[in-house]
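Below sits a lone chain in structure tokens, taken as the form predicted alone.
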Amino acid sequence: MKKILQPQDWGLQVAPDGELMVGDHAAVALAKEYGTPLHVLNEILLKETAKNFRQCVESLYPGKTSVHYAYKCNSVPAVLQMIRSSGLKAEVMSSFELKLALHTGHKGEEIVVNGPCKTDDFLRECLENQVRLIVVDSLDELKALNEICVTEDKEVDILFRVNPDYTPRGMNQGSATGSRKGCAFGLDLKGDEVRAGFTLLQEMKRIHFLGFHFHIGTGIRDPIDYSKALRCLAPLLKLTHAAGFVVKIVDVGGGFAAMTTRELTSRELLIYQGFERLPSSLGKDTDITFKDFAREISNTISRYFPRNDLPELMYEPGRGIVSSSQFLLLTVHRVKNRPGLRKWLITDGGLGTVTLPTFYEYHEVFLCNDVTRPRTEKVNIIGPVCFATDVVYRNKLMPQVNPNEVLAIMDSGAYFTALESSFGFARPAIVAVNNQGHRLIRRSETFEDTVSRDLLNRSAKTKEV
């Protein structure tokens, strides 16, 4: 059965006149007060989701657990502080994100560092801030890290990121981070890089191996995919034992789906981008929850380790935490109807500015002025840029929409703000809504913001360097 989404699936309400509501606040009124484009953050839902994930993990695994939110997914400082207040720690991949984690209150011991391109300067910064773990992505990185530790008299705990060569069924290749052929991430288990890593480690006295890290993709909707990927633990544990090391931590990464949106499969993506045929719905109905993921992963880990010697189990969720707690408001400024062809809804935010994930993901779209208005026509929703591919969605089934009405693009919490750009227009504001009211947590970008890094009108007397 196909899932027909309603505002209640995001913790929202519908007023008697059909208006979309966030608690006591009408989405149209928020758009009018703050302007559009505008991201609206449901603060209560965000905190509840983060807390629920942590509690599911803790309650279903008999050993020690740790949950590290993936900063790349949504790095807005106020959002990060809300997630931290719910008991989640930090997973970062760059110097910027490390500074951000420290800025929002995390101590180094709460931070896990990931990523395939850790420069020597970044590795030094991680050591200086005494991060808890560095997830080593390659043999070259391991050698560089060791050289830095020897030169600067430092020690560090690490995990090996392993590429398990497993891709969940239907996942498009752009998301398949566990694919040996399609993704460079991690040590190649089948290519014997893990064994080579252990050989190097045996001569490295300042680097302490604690376990393994896996990450198989994003938007994963079936818990079984994790247990299938974790089958590689059997050969890994044999290698570890033979090399004289012990696994104290298993990090299963992230990728947990938000059940109100999904990535398009490879086939759907080709059909949509090639023939403009957008899926008509979210797809198959599912009642999978965080508890189902946590139970499956816990049971799988427990099969590979004695109960009295379980490793610490780490998670790095991103979109599953933040996606559904935020939506994006766009105003329809113009409507163009070409008889015999199609209708265009021209909005103030498109693919080039604030909605890049709609290129490869299915997101629900509501008419904020009247959610109950019947969906009767397929339209193209486009943005404001003079660029033909500035498209939010092609052939999206919608109600009849009039100029000056407001659309809500749901699930803008994951990767929307991370991937937005200043393509001809300023980046939008973000307003948080809770029981006490609403407040700006990020103001809209100004002209001064956009040119603040540029060096203009330098005096002729200024000495050139």
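Sequential numbering from 1, following the sequence displayed. Here the structure is a predicted model, which is why all the values come from computation and not from measurement.
One more form of this protein should be noted, the form predicted together with a small molecule, which is absent from this view; the next part is about it.
The candidate spot formed by H213, F256 and E316 is fully in contact with the small molecule in the predicted bound form: every one of the three has a heavy atom within 4.5 Å. Of the candidate stretches 349-357, 213-221, 365-373, 286-294, only 213-221 contains residues with a heavy atom within 4.5 Å of the small molecule in the predicted bound form. Interface membership of R262, defined by any non-hydrogen atom within 4.5 Å of the small molecule in the predicted bound form, is ruled out.
Proximity of R180 to the small molecule in the predicted bound form: non-hydrogen atoms within 4.5 Å are absent; the residue sits far from the partner.
Contact annotation: R132 falls outside 4.5 Å of the small molecule in the predicted bound form, judged by heavy atom distances.
Shown alone here, R161 lies within 4.5 Å of the small molecule in the predicted bound form, counting heavy atoms only. Proximity to the small molecule in the predicted bound form, defined as a heavy atom within 4.5 Å, holds among Y415, Y34, Y61, F425 only for Y415. Though the small molecule is absent from this view, in the predicted bound form it lies within 4.5 Å of a heavy atom of just one residue from C73, V136, V250, C126, which is C73.
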